[in-house]
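Below, in structure tokens: the form predicted on its own, a single chain.
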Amino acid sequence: MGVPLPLGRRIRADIEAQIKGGHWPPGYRLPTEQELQTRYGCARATVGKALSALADAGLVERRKKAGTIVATPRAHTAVLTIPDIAEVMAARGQAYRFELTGRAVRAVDPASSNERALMAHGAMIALAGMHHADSSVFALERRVISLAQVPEAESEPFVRQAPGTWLLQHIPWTRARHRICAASLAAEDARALGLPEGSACLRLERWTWRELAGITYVEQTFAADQFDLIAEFSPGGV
């Protein structure tokens, strides 16, 4: 018999099931926070955290005076599988290595909606590093891993393998989300990549979960001309 979910996560799971099951379509107004409090017998803060997590995941919109509305899904042109950087370098015939530049154990940063979207609880290990291709820096990486889900990450040195490679080989996941955006380099990242401050870059973000439990959030930053994202399609795809 499994361990019951904490109440806040159960509220989120129940609402997410209604939305993804099509029972609550885009534009549907959710029960009020007071109604949800009564339904679940909990504090308003518990309901508020669950709704905030759903908003961070893009499933609902919280509007002043109008309440909480099921969001209209954003249009996506493709589902991309972002490969492991070590595999990319091997395919290019370049020498690859990962350099860990920082690590710390801490709680989820409450100011980071990206970390909050994991719905992870307890300690996280925060890692920073650089992916090298031959003699240059190919990408920068910042990552958090839930130690509740991956306790062995705290003792893993991440010297022989980058965190992403290690996670793919050791930790099963059931759901992932990607975000890809253009950005300009802040001073610290620009220095690390050997580029002028403000240079264009490509930023990839990934969240992975096992059922409802968050595993990791990672942000990878590439110089704009260093990485291509390619997706292949066949007729009849959705």
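None of the values given here were measured: they were computed from a predicted structure. Heads up, when I say rigid core I mean the largest set of C-alphas that superpose within 1.5 Å between the two forms. Position 1 is the first residue in the sequence shown; the rest follow in order.
Keep in mind that the form predicted together with the DNA is missing from the display, and what follows is about it.
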Answer key, the DNA contact in the predicted bound form at 4.5 Å (heavy atoms) among C181, A186, A45, A200: the residue is A45
Identify, from the list R63, R39, R191, R177, the residue with a heavy atom within 4.5 Å of the DNA in the predicted bound form.
R63
Counting only heavy atoms and a 4.5 Å cut-off, does the DNA in the predicted bound form sit next to every one of R142, R160 and T165?
no
Within 4.5 Å of the DNA in the predicted bound form, counting heavy atoms only, one of 169-177, 208-216, 47-55, 192-200 shows up; tell me which.
47-55
Only counting heavy atoms and a 4.5 Å limit, does any residue of 136-152 reach the DNA in the predicted bound form, and if so which ones?
none
By the 2 angstroms cut-off, has the C-alpha of L54 moved between the shown form and the other one once the rigid core is superposed?
yes
For C42, is the C-alpha shift between the shown form and the other one 2 Å or more after core superposition?
yes
C-alpha of A66 off by 2 Å or more between the shown form and the other one on rigid core
yes
